[in-house]
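Just the one chain here, laid out as structure tokens, in the form predicted on its own.
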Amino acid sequence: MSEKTIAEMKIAHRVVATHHYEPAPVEKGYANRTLHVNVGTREIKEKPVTNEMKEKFTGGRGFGLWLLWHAVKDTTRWNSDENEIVISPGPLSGITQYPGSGKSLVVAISPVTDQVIDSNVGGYFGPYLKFSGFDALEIQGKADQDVIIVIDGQTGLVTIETAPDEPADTHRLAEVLTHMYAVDEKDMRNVSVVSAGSGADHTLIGCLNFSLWDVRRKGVRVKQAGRGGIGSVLRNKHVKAVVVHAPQVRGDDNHPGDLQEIQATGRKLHREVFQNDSSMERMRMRGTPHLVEVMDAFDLLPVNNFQFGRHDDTKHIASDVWVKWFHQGIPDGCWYGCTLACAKTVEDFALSSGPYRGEAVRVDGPEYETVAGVGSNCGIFDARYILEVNFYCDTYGIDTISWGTLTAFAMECYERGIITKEHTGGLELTFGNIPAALELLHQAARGEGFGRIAGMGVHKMKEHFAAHYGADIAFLNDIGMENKGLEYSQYVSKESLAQQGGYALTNKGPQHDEAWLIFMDMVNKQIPSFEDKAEALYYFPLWRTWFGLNGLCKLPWNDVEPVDNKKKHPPKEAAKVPEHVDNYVRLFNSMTGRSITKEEVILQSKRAYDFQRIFNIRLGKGLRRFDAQPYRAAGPVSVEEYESRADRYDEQLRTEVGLTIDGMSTAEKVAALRKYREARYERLMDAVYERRGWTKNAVPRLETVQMLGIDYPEVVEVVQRHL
């Protein structure tokens, strides 16, 4: 990389707004102020973090929801000037003594759901933002040209600068800006960049890349806030990047109430990771792709747009394949001190297509969701293809989960004749067609051809196919794997009613980070009744929400366990990993100086969770009808799907439904099973809403809102309007 070129780029910048501030130490996990940047009006200002914000909304996702609520109107949409991107790390973010403590949460109104989306992300930006003096960053307005926001925590200066010459795509832009704003090579690790890319310019499923400087590899790596199109919001605001230049990280930067207790709790988990990981998930070697063969074995790996759950060719994309690709022997954590180190990378991968064809690049990943989404779900079992798409989605700023699911949907539509070559511009979008799938991605990034339509996401594709191609919207709704406008993540939920709820009864849409209950429900049969499922769908989404309030990764919670966890506790309790729950309570209390219990952890989450539901209702969403799921998430849509598991489904019709099926055609069986499963899902909705303290229309009851202490007049007004 030419330093002269970078210097020339920097000279071309024009500073259009500045804000000086006095850097101050973090106290008990909080910087006690937030930063608001309006790139349209060029206003930069600080806001105080009140005790009420801490007590009611904790941090992270909670702060994001609170700030966004006060920034927008009932009529705000994703591309409105007043829509915000809020990035907030949380009070536990930045701990260097406990694995998985470098997360931050991003909140905005989404272009695909038209409601609030939240997305968690690793990388260095969140902790660096806090250590530079701010518990949250609000980005509002719309610039008249491409700009970057620079937060220099070493000097106490925030600027908005024009950025006319920097490359758009992340793998180049993040490198350029890291070199541009670091004082010297040693200072590179103190710079983190948030960016999107050319794909976020032309699609609604843009992701944000959060960078970290890898001192061993001497280059940039990135982690993604992938869900809901927040990268598209960033580019719509004409923000090319956000840069934070932080002071050198020290182990006590959070100035916790009891550092020794945090260190002791961290040592305990580090020992578990070192001793147990190799006999459990082997995350340190395989990362999350260890799930590929597990999901295949239990008929849960999405194949051909979630029609099937396993495939004979899964071995070609299983974890043993990825172990050979991953660069081993170098720590792979996405924050200091994370010994679980699941953020795997592939070095010197030679690209075979697109604008960077022939370049040898670093690929950050793939994660399981990417392998399953762009791989098996599209009928493609080729590791090189998956790596190519993984790289391009990242650098273009496109969510790999949404991209995999929407590509699979388009492929099924093509194979069923719903769309043709005339519609796709000649692309043969059959399952397994690698050249066509790659070209579709590059078209989407350029905003051209059928890629422009695909880049709208599954929900808007369905509307387009029905309006312009005469497609049957009812059938498209059955096979289009989206809920609330968000594409499904990569688990087949047909045989787990609890997981169906864990996807579709969410606030943001079907994302596995809220409730992953397949094994408790389908495999281990631990939650058989509706009440059992409702209790699980109360506890686990709230427990997982808590990670997003505090800036934590959930993987150290249950991807490595004490060896005696399942022996010491009954099965349903063991699923909570009680010793690790105790760890997190200790961490929070030791950091903040408060004294909460594990029960109060759930109440902390419920405040934010129910507030988000009410926020969605305020925006015209959030009610029961928006929790409807595509039927493919619940059961077989087609004869082919039914017959792929005919013995299982026939037995269910006999024993669960009580039908005599002799003489029934497969189509009749499909219809009978559907009637049963749809009624069962409605009963689940009623049970879950009741357990959550909501009405049958999914509105938090007034007494629930009062109990949580979020009965602000404007919140109560929204609730009362819908009771």
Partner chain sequence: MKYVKPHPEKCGFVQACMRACARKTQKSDDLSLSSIVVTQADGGTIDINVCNQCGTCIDICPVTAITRTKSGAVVVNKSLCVGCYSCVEYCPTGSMRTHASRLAPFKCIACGACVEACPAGALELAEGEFEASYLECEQAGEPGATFSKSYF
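Positions refer to the first chain, counted from 1. In this text, all values refer to a predicted model and were calculated from it rather than measured experimentally.
The same protein has a further form, the form predicted in complex with its partner chain, not shown here; the description that follows concerns it.
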Check: With a 4.5 Å heavy atom cut-off, would you call P562 a contact of its partner chain in the predicted complex?
Finding: no
Note to self: Just checking whether G337 would be counted as a contact of its partner chain in the predicted complex - the rule being heavy atoms within 4.5 angstroms.
What the structure shows: yes
Next item on the list: With heavy atoms only and a cut-off of 4.5 Å, decide whether R216 touches its partner chain in the predicted complex.
Entry: yes
Notebook entry, point to check: Do I434 and its partner chain come within 4.5 Å of each other in the predicted complex, heavy atoms counted?
Noted result: no
Check: its partner chain isn't shown here, but in the predicted complex which of K186, R357, K567, R625 has a heavy atom within 4.5 Å of it?
Finding: K186
Next item on the list: Name the single residue among S529, S595, T75, Q260 that comes within 4.5 Å of its partner chain in the predicted complex, judging by heavy atoms.
Entry: Q260
Next item on the list: Heavy atoms, 4.5 Å, its partner chain in the predicted complex: which of 67-75, 413-421, 487-495, 276-284 makes the cut? Say which one.
Entry: 276-284
Check: Considering only 318-343, what residues come within 4.5 Å of its partner chain in the predicted complex, judged by heavy atoms?
Finding: H327, Q328, G329, I330, P331, Y336, G337, T339
